[in-house]
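Heads up, the chain below is alone and in the form predicted alone; it's given as structure tokens.
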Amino acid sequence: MTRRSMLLLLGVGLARPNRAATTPEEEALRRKEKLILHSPRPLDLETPPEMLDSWITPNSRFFVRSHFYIPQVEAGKWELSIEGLVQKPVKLNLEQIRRMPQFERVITMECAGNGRSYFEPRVAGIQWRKGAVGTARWKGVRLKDVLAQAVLKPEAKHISFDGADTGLVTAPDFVRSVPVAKCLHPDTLLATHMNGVPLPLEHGFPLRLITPGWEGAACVKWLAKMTAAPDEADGFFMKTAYRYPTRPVKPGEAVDAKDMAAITSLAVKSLITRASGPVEGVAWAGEADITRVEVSLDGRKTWQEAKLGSDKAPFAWRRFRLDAKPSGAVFARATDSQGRTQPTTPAWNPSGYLHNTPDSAPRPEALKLATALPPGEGLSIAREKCLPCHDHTIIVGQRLDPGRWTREVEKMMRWGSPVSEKEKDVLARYLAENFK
């Protein structure tokens, strides 16, 4: 075993000298109740739709999306720095932030990849079904109040946000940027609390950016640094990932990153949480309001308008209910204040973002993944070169064609995986034969 391989193993805890010690991921799993596990480390958990049966999603039921491992953050040593195009660079500790005026907002958060598993052809990434979404009461300080302390220079048009999590080996740091106009919105928060308690570690303790109505990746966790700049951040997670085509594309068509724009607001969408008389669910639309939800009880032949729940807030989902007994396949579709209605056919994109066709019930069963990688040529390479950084579940959840598997392996090689050119072909073939 090389020194580099040993360091990788130590990094994921496979060679911890004291196995009784737990990782943040293991601690988080103990707090979550019966969520769908896509990956234990990095931790990715999905909420079964039937558990999203309230306006506020309890922390124990709230989905978790992680790009890298959960960082250990000591509240007493943590600080937030604001730098770049500012007149007065600022550093704030947690106590200083808590002494500032506090605000609470009810906001729905959804991963941009929610629904990815329903795209055809299949695309790479966490194979979310429907439950990478939730609504919480977020409490903290307004971002505009924090920026006012640093005083933005006129040429500052974007703020980049960097958390305490770091990429593995040579994987790029997770940095997202947000236009200043959105940063100055009075409902954009730096949250310290979630549903009345300090942020759980898996949800970003001690500080998380909340960009209301925008996709979840823009809500950076474990926030440690903000940088004012004239342009959008140029890292991988802005220039390549979380981008959406600026033109219609055919299913399966590749799109150059320069022909895409960063995803911002969420699409109009509905989710059925109960389908056996009455029909119940939730609907949301990012920065817009839900104005109508219709339900079909006969396989989309006819539609009836559902009653919207009384609980409402800007940027939060609305519950809906139809007191009727289904006679066939049940569907729900929502319309928002911008006049958008869920489309019959999803707009295909190569990353599987913003799937939002009318929701259907009954739903497919929860993912049932293999408990280990199957035998075959390439297994030893996968074990030695993939598993030090990824759990097997994130691998077996993919269903990609040979070309897409090759591109995924090449990406991992760029990010530091010690796979040789010769091993690349063997590994890609092994993955394509077993997970297609």
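One-based numbering along the sequence shown. Model, not experiment: these values are computed from the prediction.
If you look for the form predicted together with a small molecule, you will not find it shown, but the lines that follow are about it.
- In terms of contact with the small molecule in the predicted complex, the residue from 174, 205, 348, 78 that brings a heavy atom within 4.5 Å is 174.
- Partner proximity in the predicted complex, defined as non-hydrogen atoms within 4.5 angstroms of the small molecule, places exactly one of 293 to 301, 217 to 225, 149 to 157, 181 to 189 at the interface: 217 to 225.
- Among heavy atoms of residue 306, none comes within 4.5 Å of the small molecule in the predicted complex.
- Among heavy atoms of residue 165, some come within 4.5 Å of the small molecule in the predicted complex.
- Proximity of residue 59 to the small molecule in the predicted complex: non-hydrogen atoms within 4.5 Å are absent; the residue sits far from the partner.
- In the predicted complex, the small molecule lies farther than 4.5 Å from every heavy atom of residue 283.
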